[in-house]
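Okay, here we've got a single chain as structure tokens, the form predicted alone, with questions on binding and movement later.
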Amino acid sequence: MAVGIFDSGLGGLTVLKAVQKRLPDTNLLYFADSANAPYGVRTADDIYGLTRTAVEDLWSQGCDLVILACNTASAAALRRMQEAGVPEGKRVLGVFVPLIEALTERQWGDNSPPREVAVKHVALFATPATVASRAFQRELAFRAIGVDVEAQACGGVVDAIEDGDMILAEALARSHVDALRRKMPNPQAAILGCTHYPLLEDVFQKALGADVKVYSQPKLVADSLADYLERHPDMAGTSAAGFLTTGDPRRVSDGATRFLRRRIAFDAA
């Protein structure tokens, strides 16, 4: 039995790693749409179509529950998929839901009116597509009032990480923080709105300063999944665990091995 984890590339491996630590007995089937990555520069319609195809593939393989471990896919596709209808007995959950819950200190299903929250000035670092979707701002507005979100599109960071060029990735992260600070000099909190960015969490934190609370998603997602599976143990599915990619399995395996610093072997999707 396995829970599906989907990402356009390797960023979702940060979520997989956190879930494995939190739920060591839960099997996971990871799907990387590497042939079409990165999603962050694609149109919303492209992202929706690619995400839906991948999720349906995971459902067909027996993953009753699929986590969109990709903020770009969550922002552009999750709501449309849910509105279009999800097959009976299947679920798809977005990676930024636990983050919104943490920021607003309320459960996703809490439909009470928006209310004041402690954090008023939030910096969002994300891909261009996630920033363009304004999904974080929309979901925050449903639950909180008076929160100012300043978004910074972090072009180039995902590509640098996927290519294994961490020196470039770190330099780009620092430059994006500088750009954000010119628009919002004193953020109280920062959202790392891409699952690649936790690999640079220390870089973002140092550039932002110790007084800024940095929200990184993997642990939040792992804790949320643990809570969900405790309430819905039947959603573990019937699929076998493993790693699938639409790209070149050897190349993606090498990248994933660098990413997690342990041997990962992908098969062709």
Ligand code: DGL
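Residue indices: 1-based, along the sequence shown. For clarity, every value in this text was computed on a predicted model and none was experimentally measured.
Another form, the form predicted in complex with this ligand, is not on view; read the next lines as being about it.
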(request) Give a yes/no on whether C70 approaches this ligand to within 4.5 Å in the predicted complex, heavy atoms considered. (result) yes
(request) Could you confirm whether V158 comes within 4.5 Å of this ligand in the predicted complex, counting heavy atoms only? (result) yes
(request) May I ask you to check whether C194 falls inside a 4.5 Å heavy atom distance of this ligand in the predicted complex? (result) yes
(request) Flag Y39 as yes or no: does it have a non-hydrogen atom within 4.5 angstroms of any non-hydrogen atom of this ligand in the predicted complex? (result) yes
(message) Within 4.5 Å, heavy atoms only, one stretch in 5-13, 243-251, 256-264, 19-27 touches this ligand in the predicted complex. Which?
(response) 5-13
